[in-house]
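Quick heads-up: it's one chain on its own, the form predicted on its own, in C-alpha coordinates.
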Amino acid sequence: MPPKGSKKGHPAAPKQTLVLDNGAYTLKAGLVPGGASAPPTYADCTVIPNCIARSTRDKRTYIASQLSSCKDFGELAFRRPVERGFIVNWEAEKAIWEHEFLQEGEGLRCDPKETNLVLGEKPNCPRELQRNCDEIVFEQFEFAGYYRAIGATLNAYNSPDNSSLSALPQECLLVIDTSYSDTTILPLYNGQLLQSAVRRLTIGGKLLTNYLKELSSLRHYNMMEETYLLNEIKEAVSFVAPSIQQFSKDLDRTWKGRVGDKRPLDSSIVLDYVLPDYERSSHGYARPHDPVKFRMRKGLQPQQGPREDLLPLGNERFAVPELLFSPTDIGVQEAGLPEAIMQSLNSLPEMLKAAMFANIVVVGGNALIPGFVERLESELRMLVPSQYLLNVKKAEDPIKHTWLGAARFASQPELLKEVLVSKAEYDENGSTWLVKKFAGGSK
(Lines give C-alpha, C1' and ligand atoms only; values in the text may rest on other atoms or scores of the structure.)
Protein backbone atom coordinates (compact mmCIF):
# COMPACT_ATOMS: atom_id res chain seq x y z
CA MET A 1 0.00 0.00 0.00
CA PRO A 2 1.68 3.26 -1.05
CA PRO A 3 1.83 6.26 1.31
CA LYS A 4 -0.80 8.97 1.30
CA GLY A 5 -0.91 11.36 -1.60
CA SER A 6 -0.54 8.64 -4.23
CA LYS A 7 -1.55 9.14 -7.82
CA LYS A 8 -1.34 6.78 -10.78
CA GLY A 9 -0.59 7.55 -14.38
CA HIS A 10 2.59 9.61 -14.04
CA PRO A 11 4.99 9.88 -16.96
CA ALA A 12 8.26 7.98 -16.84
CA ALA A 13 10.53 9.27 -14.09
CA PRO A 14 14.27 9.99 -14.32
CA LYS A 15 16.50 6.97 -13.84
CA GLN A 16 17.96 8.00 -10.47
CA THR A 17 16.60 9.32 -7.21
CA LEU A 18 18.39 11.28 -4.51
CA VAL A 19 17.12 9.89 -1.20
CA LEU A 20 17.72 12.36 1.63
CA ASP A 21 17.03 11.90 5.33
CA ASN A 22 17.57 15.52 6.36
CA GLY A 23 18.40 15.19 10.07
CA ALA A 24 19.31 17.98 12.45
CA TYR A 25 22.80 16.61 13.17
CA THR A 26 23.61 14.77 9.93
CA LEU A 27 22.31 14.28 6.43
CA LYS A 28 21.89 10.67 5.33
CA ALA A 29 22.00 10.70 1.55
CA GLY A 30 22.44 8.38 -1.40
CA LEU A 31 21.64 8.08 -5.11
CA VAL A 32 19.33 5.18 -5.93
CA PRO A 33 18.95 3.94 -9.52
CA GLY A 34 15.40 2.98 -10.49
CA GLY A 35 14.74 -0.71 -10.97
CA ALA A 36 18.15 -1.81 -9.67
CA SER A 37 18.71 -5.57 -9.65
CA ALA A 38 19.98 -5.56 -6.06
CA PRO A 39 18.25 -3.75 -3.19
CA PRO A 40 20.03 -0.74 -1.64
CA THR A 41 22.19 -1.40 1.42
CA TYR A 42 23.66 0.65 4.24
CA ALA A 43 26.87 0.96 2.19
CA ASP A 44 24.97 3.09 -0.36
CA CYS A 45 24.30 5.77 2.27
CA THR A 46 26.66 8.65 3.01
CA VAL A 47 26.47 10.43 6.37
CA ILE A 48 27.26 14.16 6.13
CA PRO A 49 27.36 16.74 8.96
CA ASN A 50 24.36 19.05 8.53
CA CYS A 51 26.04 22.24 9.67
CA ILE A 52 28.22 25.19 8.80
CA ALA A 53 31.02 25.65 11.35
CA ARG A 54 33.15 28.73 11.91
CA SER A 55 36.43 28.46 13.78
CA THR A 56 37.26 31.37 16.05
CA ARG A 57 40.92 30.28 15.96
CA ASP A 58 41.89 29.77 12.32
CA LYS A 59 38.97 31.94 11.07
CA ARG A 60 37.98 29.28 8.53
CA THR A 61 34.45 28.26 7.63
CA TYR A 62 33.67 24.58 7.16
CA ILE A 63 30.60 23.52 5.19
CA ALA A 64 29.19 20.05 5.93
CA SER A 65 31.72 17.37 4.88
CA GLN A 66 34.58 19.91 5.03
CA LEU A 67 34.41 19.47 8.79
CA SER A 68 36.44 16.27 8.41
CA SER A 69 39.44 18.39 7.34
CA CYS A 70 39.31 20.55 10.49
CA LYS A 71 42.31 20.07 12.80
CA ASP A 72 41.25 22.35 15.64
CA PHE A 73 37.74 21.78 16.98
CA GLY A 74 38.19 24.15 19.90
CA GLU A 75 35.46 26.77 20.24
CA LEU A 76 33.81 26.02 16.90
CA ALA A 77 30.66 28.07 16.32
CA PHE A 78 27.98 25.93 14.66
CA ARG A 79 25.15 27.07 12.46
CA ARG A 80 22.56 24.33 12.08
CA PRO A 81 19.68 24.83 9.63
CA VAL A 82 17.40 22.31 11.36
CA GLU A 83 15.71 23.02 14.69
CA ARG A 84 13.39 20.55 16.43
CA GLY A 85 13.62 18.38 13.33
CA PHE A 86 12.36 21.08 10.92
CA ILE A 87 14.36 23.07 8.34
CA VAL A 88 14.12 26.68 9.55
CA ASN A 89 17.18 28.22 7.90
CA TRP A 90 17.10 27.66 4.17
CA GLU A 91 20.02 29.99 3.50
CA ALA A 92 22.32 27.59 5.35
CA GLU A 93 20.59 24.39 4.16
CA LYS A 94 20.76 25.53 0.55
CA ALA A 95 24.50 26.18 0.89
CA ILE A 96 24.99 22.68 2.33
CA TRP A 97 22.94 20.95 -0.40
CA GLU A 98 24.76 22.86 -3.12
CA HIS A 99 28.15 21.99 -1.65
CA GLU A 100 27.36 18.28 -1.24
CA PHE A 101 25.22 17.48 -4.28
CA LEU A 102 25.74 20.09 -7.01
CA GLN A 103 29.29 21.45 -7.01
CA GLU A 104 31.97 19.65 -8.95
CA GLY A 105 34.02 17.12 -7.02
CA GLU A 106 33.83 13.68 -5.55
CA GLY A 107 30.84 12.24 -3.70
CA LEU A 108 27.11 12.50 -4.38
CA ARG A 109 26.91 14.69 -7.46
CA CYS A 110 23.76 14.95 -9.55
CA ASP A 111 21.91 17.17 -11.98
CA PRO A 112 18.61 18.06 -10.26
CA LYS A 113 16.84 18.42 -13.63
CA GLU A 114 17.53 14.72 -14.27
CA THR A 115 17.03 13.48 -10.72
CA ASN A 116 14.08 12.78 -8.43
CA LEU A 117 14.22 13.78 -4.77
CA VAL A 118 12.72 11.75 -1.92
CA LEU A 119 12.97 13.88 1.22
CA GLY A 120 12.24 12.70 4.77
CA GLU A 121 10.84 15.08 7.36
CA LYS A 122 9.68 14.95 10.98
CA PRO A 123 5.95 14.54 11.77
CA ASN A 124 3.79 17.59 12.51
CA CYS A 125 5.90 20.00 10.48
CA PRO A 126 4.20 23.43 10.23
CA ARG A 127 2.64 23.96 6.80
CA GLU A 128 4.48 27.21 6.20
CA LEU A 129 7.81 25.41 6.60
CA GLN A 130 6.62 22.66 4.27
CA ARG A 131 5.63 25.24 1.67
CA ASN A 132 9.05 26.91 1.93
CA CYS A 133 10.71 23.54 1.44
CA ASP A 134 8.63 22.67 -1.63
CA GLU A 135 9.31 26.04 -3.24
CA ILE A 136 13.08 25.70 -2.72
CA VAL A 137 13.10 22.16 -4.16
CA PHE A 138 11.22 23.07 -7.35
CA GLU A 139 11.93 26.76 -7.93
CA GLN A 140 15.60 26.97 -6.95
CA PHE A 141 16.99 23.44 -7.31
CA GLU A 142 14.51 22.45 -10.06
CA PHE A 143 14.40 18.72 -9.29
CA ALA A 144 12.59 16.71 -11.97
CA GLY A 145 10.34 14.92 -9.48
CA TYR A 146 9.77 15.19 -5.75
CA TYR A 147 8.20 13.32 -2.87
CA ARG A 148 8.22 14.63 0.69
CA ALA A 149 7.28 12.09 3.36
CA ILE A 150 7.54 11.60 7.10
CA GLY A 151 10.89 9.84 7.12
CA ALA A 152 10.13 7.40 9.91
CA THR A 153 7.14 5.95 8.03
CA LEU A 154 9.48 4.62 5.34
CA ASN A 155 11.06 2.31 7.92
CA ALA A 156 8.08 0.08 7.12
CA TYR A 157 9.72 -0.80 3.78
CA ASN A 158 12.70 -2.37 5.54
CA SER A 159 12.23 -6.12 5.60
CA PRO A 160 12.83 -7.76 9.00
CA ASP A 161 15.98 -9.46 7.71
CA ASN A 162 17.12 -6.42 5.64
CA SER A 163 17.86 -8.71 2.71
CA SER A 164 14.95 -8.37 0.31
CA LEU A 165 12.71 -5.80 -1.35
CA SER A 166 9.00 -5.72 -0.70
CA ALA A 167 6.35 -3.64 -2.45
CA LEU A 168 4.23 -3.94 0.69
CA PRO A 169 5.17 -2.24 3.96
CA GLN A 170 5.22 -4.12 7.25
CA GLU A 171 1.65 -4.30 8.54
CA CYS A 172 2.26 -3.11 12.11
CA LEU A 173 5.45 -1.38 13.24
CA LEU A 174 6.27 0.88 16.17
CA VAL A 175 9.23 3.15 15.40
CA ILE A 176 11.12 4.78 18.27
CA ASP A 177 13.18 7.56 16.67
CA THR A 178 15.60 8.90 19.29
CA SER A 179 17.69 11.46 17.48
CA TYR A 180 19.52 14.76 17.90
CA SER A 181 16.43 16.98 18.19
CA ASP A 182 14.07 14.83 20.21
CA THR A 183 12.65 11.35 20.70
CA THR A 184 9.51 10.46 18.76
CA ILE A 185 7.15 7.48 19.07
CA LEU A 186 5.50 6.63 15.75
CA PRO A 187 3.00 3.74 15.33
CA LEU A 188 2.66 2.66 11.69
CA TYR A 189 -0.12 0.58 10.15
CA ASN A 190 0.51 -0.57 6.57
CA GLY A 191 3.07 2.19 6.23
CA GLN A 192 0.63 4.91 7.36
CA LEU A 193 1.27 6.97 10.48
CA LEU A 194 -1.41 6.71 13.17
CA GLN A 195 -1.32 10.41 13.93
CA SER A 196 -3.41 10.36 17.10
CA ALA A 197 -0.94 8.01 18.78
CA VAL A 198 2.25 9.96 17.96
CA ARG A 199 4.16 11.10 21.04
CA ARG A 200 7.19 13.38 21.24
CA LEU A 201 9.75 13.80 24.04
CA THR A 202 11.99 16.86 24.07
CA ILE A 203 14.94 14.74 25.21
CA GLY A 204 17.34 14.16 22.32
CA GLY A 205 21.05 14.10 21.62
CA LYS A 206 21.36 17.89 21.66
CA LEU A 207 19.89 18.19 25.15
CA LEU A 208 22.11 15.35 26.43
CA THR A 209 25.23 17.07 25.08
CA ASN A 210 24.21 20.41 26.61
CA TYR A 211 23.61 18.73 29.98
CA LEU A 212 27.07 17.15 29.86
CA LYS A 213 28.52 20.58 29.05
CA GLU A 214 26.86 22.05 32.12
CA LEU A 215 28.00 19.25 34.44
CA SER A 216 31.60 19.39 33.18
CA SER A 217 31.71 23.18 33.42
CA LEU A 218 30.33 23.12 36.95
CA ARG A 219 32.71 20.44 38.24
CA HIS A 220 35.91 20.87 36.22
CA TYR A 221 36.62 23.24 33.32
CA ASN A 222 34.50 25.82 31.55
CA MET A 223 33.36 23.71 28.58
CA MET A 224 30.32 25.71 27.49
CA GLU A 225 31.89 26.66 24.14
CA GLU A 226 33.21 23.15 23.43
CA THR A 227 30.09 21.63 21.87
CA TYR A 228 31.93 19.42 19.39
CA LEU A 229 34.32 18.04 22.01
CA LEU A 230 31.60 17.32 24.56
CA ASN A 231 29.48 15.57 21.95
CA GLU A 232 32.51 13.41 21.11
CA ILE A 233 32.99 12.61 24.81
CA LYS A 234 29.29 11.76 25.23
CA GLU A 235 29.41 9.31 22.33
CA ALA A 236 32.63 7.73 23.60
CA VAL A 237 31.88 7.09 27.29
CA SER A 238 28.12 7.23 27.97
CA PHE A 239 26.11 4.18 28.99
CA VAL A 240 22.64 3.51 30.37
CA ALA A 241 22.34 1.79 33.74
CA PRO A 242 20.45 -1.55 33.49
CA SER A 243 17.79 -0.45 35.99
CA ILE A 244 16.87 2.41 38.28
CA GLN A 245 18.15 0.34 41.22
CA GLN A 246 21.54 -0.08 39.53
CA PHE A 247 21.52 3.63 38.71
CA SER A 248 21.26 4.44 42.43
CA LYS A 249 24.07 1.99 43.25
CA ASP A 250 26.32 3.48 40.57
CA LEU A 251 25.66 6.97 41.94
CA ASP A 252 26.87 5.79 45.33
CA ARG A 253 29.97 4.10 43.84
CA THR A 254 31.01 7.31 42.08
CA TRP A 255 30.43 9.68 45.05
CA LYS A 256 33.63 11.23 46.37
CA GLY A 257 32.26 11.63 49.88
CA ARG A 258 31.94 14.71 52.07
CA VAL A 259 34.74 17.11 52.94
CA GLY A 260 36.97 15.37 55.47
CA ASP A 261 35.47 11.99 54.61
CA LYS A 262 36.77 11.26 51.14
CA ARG A 263 35.99 7.90 49.59
CA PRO A 264 37.83 5.98 46.86
CA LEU A 265 36.10 6.10 43.49
CA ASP A 266 35.04 2.91 41.71
CA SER A 267 37.58 2.57 38.90
CA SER A 268 35.24 0.30 36.95
CA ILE A 269 33.03 3.33 36.28
CA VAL A 270 35.20 6.44 36.65
CA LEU A 271 37.33 7.29 33.62
CA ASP A 272 39.84 9.97 32.73
CA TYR A 273 39.25 11.56 29.36
CA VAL A 274 42.49 12.93 27.91
CA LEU A 275 41.55 16.15 26.18
CA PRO A 276 43.05 16.99 22.78
CA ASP A 277 45.52 19.86 22.63
CA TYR A 278 44.84 20.49 18.90
CA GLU A 279 48.57 20.58 18.24
CA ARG A 280 49.65 16.96 18.53
CA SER A 281 46.13 15.53 18.60
CA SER A 282 42.70 16.54 17.24
CA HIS A 283 40.69 13.99 19.23
CA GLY A 284 40.78 12.86 22.84
CA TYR A 285 40.46 9.38 24.30
CA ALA A 286 39.29 7.69 27.49
CA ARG A 287 41.42 5.59 29.85
CA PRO A 288 41.01 4.14 33.36
CA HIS A 289 41.01 6.66 36.18
CA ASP A 290 44.42 7.27 37.77
CA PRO A 291 44.16 9.25 41.05
CA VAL A 292 47.89 10.10 40.99
CA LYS A 293 47.81 11.63 37.54
CA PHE A 294 44.57 13.41 38.42
CA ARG A 295 46.27 15.06 41.39
CA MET A 296 49.20 16.03 39.16
CA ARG A 297 46.74 17.73 36.83
CA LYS A 298 45.86 20.12 39.64
CA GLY A 299 49.50 20.90 40.34
CA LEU A 300 52.39 22.07 38.19
CA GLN A 301 52.98 20.27 34.91
CA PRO A 302 56.35 20.22 33.14
CA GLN A 303 57.24 23.25 31.03
CA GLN A 304 58.68 20.98 28.33
CA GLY A 305 57.62 17.62 27.03
CA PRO A 306 54.11 16.20 26.84
CA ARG A 307 51.47 17.49 29.21
CA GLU A 308 47.95 16.28 29.69
CA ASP A 309 44.65 17.90 30.47
CA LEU A 310 42.34 15.34 32.04
CA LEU A 311 38.59 15.45 32.41
CA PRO A 312 37.52 12.89 35.03
CA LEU A 313 34.09 11.38 34.30
CA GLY A 314 32.14 9.52 36.94
CA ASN A 315 28.38 9.66 37.29
CA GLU A 316 28.22 11.92 34.22
CA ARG A 317 28.66 8.78 32.13
CA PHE A 318 25.26 7.34 33.10
CA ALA A 319 23.41 10.32 34.61
CA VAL A 320 23.26 12.12 31.24
CA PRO A 321 21.53 9.36 29.18
CA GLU A 322 19.30 8.58 32.18
CA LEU A 323 17.32 11.67 31.13
CA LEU A 324 15.71 9.56 28.40
CA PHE A 325 14.04 7.56 31.16
CA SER A 326 13.71 10.28 33.83
CA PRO A 327 13.33 13.75 32.25
CA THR A 328 12.22 15.12 35.63
CA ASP A 329 15.84 14.81 36.84
CA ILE A 330 16.44 18.22 35.24
CA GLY A 331 12.94 19.58 35.69
CA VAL A 332 11.47 18.58 32.32
CA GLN A 333 7.88 17.72 33.16
CA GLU A 334 7.43 14.80 30.79
CA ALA A 335 7.01 11.07 31.13
CA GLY A 336 10.06 8.90 30.50
CA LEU A 337 10.31 6.97 27.24
CA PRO A 338 8.72 3.68 28.47
CA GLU A 339 5.74 5.52 29.95
CA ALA A 340 5.35 7.62 26.78
CA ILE A 341 5.29 4.44 24.67
CA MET A 342 2.52 3.05 26.86
CA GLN A 343 0.55 6.30 26.53
CA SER A 344 0.89 6.08 22.76
CA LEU A 345 -0.17 2.45 22.40
CA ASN A 346 -2.98 2.64 24.97
CA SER A 347 -4.72 5.04 22.59
CA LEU A 348 -4.97 2.27 19.95
CA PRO A 349 -7.47 -0.59 19.58
CA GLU A 350 -6.52 -3.77 21.44
CA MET A 351 -5.51 -5.83 18.39
CA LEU A 352 -3.34 -3.07 16.98
CA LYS A 353 -1.71 -2.55 20.35
CA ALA A 354 -0.76 -6.20 20.61
CA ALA A 355 0.76 -6.19 17.11
CA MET A 356 2.76 -3.03 17.86
CA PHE A 357 4.29 -4.47 21.03
CA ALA A 358 5.50 -7.44 18.98
CA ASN A 359 7.36 -5.28 16.43
CA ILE A 360 9.25 -2.33 17.96
CA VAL A 361 12.34 -0.98 16.20
CA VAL A 362 14.64 1.68 17.66
CA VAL A 363 16.42 4.07 15.28
CA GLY A 364 18.43 7.27 15.70
CA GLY A 365 21.83 8.11 17.15
CA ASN A 366 20.89 7.68 20.83
CA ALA A 367 20.13 4.00 20.13
CA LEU A 368 23.92 3.52 19.94
CA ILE A 369 24.37 4.32 23.65
CA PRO A 370 25.36 1.00 25.31
CA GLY A 371 22.56 -0.45 27.43
CA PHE A 372 19.82 1.82 26.04
CA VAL A 373 17.75 -0.76 24.16
CA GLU A 374 18.18 -3.39 26.91
CA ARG A 375 16.96 -0.92 29.56
CA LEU A 376 14.03 0.13 27.37
CA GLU A 377 12.93 -3.47 26.87
CA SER A 378 13.34 -4.25 30.58
CA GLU A 379 11.20 -1.31 31.69
CA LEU A 380 8.57 -1.95 29.04
CA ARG A 381 8.31 -5.58 30.16
CA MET A 382 7.30 -4.34 33.62
CA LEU A 383 4.57 -2.12 32.10
CA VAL A 384 3.23 -4.37 29.33
CA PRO A 385 0.58 -6.96 30.34
CA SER A 386 2.09 -10.44 30.48
CA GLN A 387 -0.18 -11.87 27.77
CA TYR A 388 1.44 -9.62 25.14
CA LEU A 389 4.51 -10.62 23.18
CA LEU A 390 7.16 -7.90 23.49
CA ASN A 391 9.90 -7.60 20.89
CA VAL A 392 12.21 -4.56 21.01
CA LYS A 393 15.14 -4.50 18.62
CA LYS A 394 17.76 -1.96 17.66
CA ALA A 395 18.18 -1.41 13.93
CA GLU A 396 21.36 -2.91 12.51
CA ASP A 397 22.54 0.64 11.78
CA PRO A 398 20.26 3.01 13.73
CA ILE A 399 21.60 6.12 11.98
CA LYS A 400 21.11 4.87 8.41
CA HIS A 401 18.05 2.67 8.92
CA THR A 402 15.43 5.29 8.03
CA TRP A 403 17.39 6.19 4.90
CA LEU A 404 17.53 2.51 3.93
CA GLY A 405 13.74 2.17 4.15
CA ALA A 406 13.30 5.28 1.98
CA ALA A 407 15.90 3.99 -0.51
CA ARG A 408 14.17 0.62 -0.83
CA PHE A 409 10.89 2.39 -1.44
CA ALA A 410 12.51 4.66 -4.06
CA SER A 411 14.22 1.76 -5.83
CA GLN A 412 10.84 0.33 -6.87
CA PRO A 413 9.57 2.36 -9.87
CA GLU A 414 5.96 1.21 -9.50
CA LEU A 415 5.81 2.60 -5.93
CA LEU A 416 7.72 5.79 -6.66
CA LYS A 417 5.64 6.63 -9.72
CA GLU A 418 2.47 6.71 -7.62
CA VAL A 419 3.69 9.42 -5.26
CA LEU A 420 6.12 11.55 -7.27
CA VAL A 421 5.11 15.07 -8.26
CA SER A 422 6.78 16.40 -11.40
CA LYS A 423 7.98 19.96 -11.80
CA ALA A 424 5.39 20.49 -14.54
CA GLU A 425 2.61 19.56 -12.10
CA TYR A 426 4.03 21.91 -9.50
CA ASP A 427 4.26 24.77 -12.01
CA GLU A 428 0.63 24.17 -12.95
CA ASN A 429 -0.86 23.78 -9.46
CA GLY A 430 1.41 25.69 -7.08
CA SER A 431 2.82 25.16 -3.60
CA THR A 432 -0.47 25.25 -1.68
CA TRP A 433 -1.80 22.33 -3.77
CA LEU A 434 1.43 20.42 -3.19
CA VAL A 435 1.28 20.80 0.61
CA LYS A 436 -2.29 19.43 0.56
CA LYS A 437 -1.33 16.59 -1.77
CA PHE A 438 1.52 15.35 0.42
CA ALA A 439 -0.78 15.63 3.43
CA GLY A 440 -3.25 13.31 1.66
CA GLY A 441 -5.85 15.95 0.94
CA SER A 442 -5.51 16.03 -2.84
CA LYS A 443 -5.33 13.14 -5.31
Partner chain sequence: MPHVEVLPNSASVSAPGWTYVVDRGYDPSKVAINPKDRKRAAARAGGARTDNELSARQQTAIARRIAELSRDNDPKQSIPIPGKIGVPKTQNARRIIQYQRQIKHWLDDEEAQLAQQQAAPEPRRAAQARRVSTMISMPATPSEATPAPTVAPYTQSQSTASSQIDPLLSIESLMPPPLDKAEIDALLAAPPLSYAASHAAPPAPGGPPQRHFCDNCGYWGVIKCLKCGTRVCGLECKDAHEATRCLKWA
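In this text the structure is predicted, and so the values were computed from the model without any measurement. Residue numbers count along the first chain shown, from 1.
The protein also exists as the form predicted together with its partner chain; that form is not presented, and the subsequent description refers to it.
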Please run the contact check for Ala95 against its partner chain in the predicted bound form: heavy atoms, 4.5 angstroms, yes or no? yes
Looking at the partner-bound form in the predicted bound form, is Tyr388 within 4.5 Å of its partner chain by any heavy atom? yes
Contact test in the predicted bound form: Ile63 vs its partner chain, heavy atoms, 4.5 Å: yes
Would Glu100 count as touching its partner chain in the predicted bound form under a 4.5 Å heavy atom rule? no
Triplet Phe78, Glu83 and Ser248 all within 4.5 Å of its partner chain in the predicted bound form via a heavy atom: yes
Among 151-159, 350-358, 274-282, 366-374, which stretch has residues with heavy atoms no more than 4.5 Å from its partner chain in the predicted bound form? 350-358
The one residue among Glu135, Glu308, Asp290, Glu235 placing a heavy atom within 4.5 Å of its partner chain in the predicted bound form is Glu135
In the predicted bound form: members of 319-341 within 4.5 Å of its partner chain, any heavy atom: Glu322, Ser326, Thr328, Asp329, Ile330, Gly331, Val332, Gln333, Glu334, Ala335, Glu339, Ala340
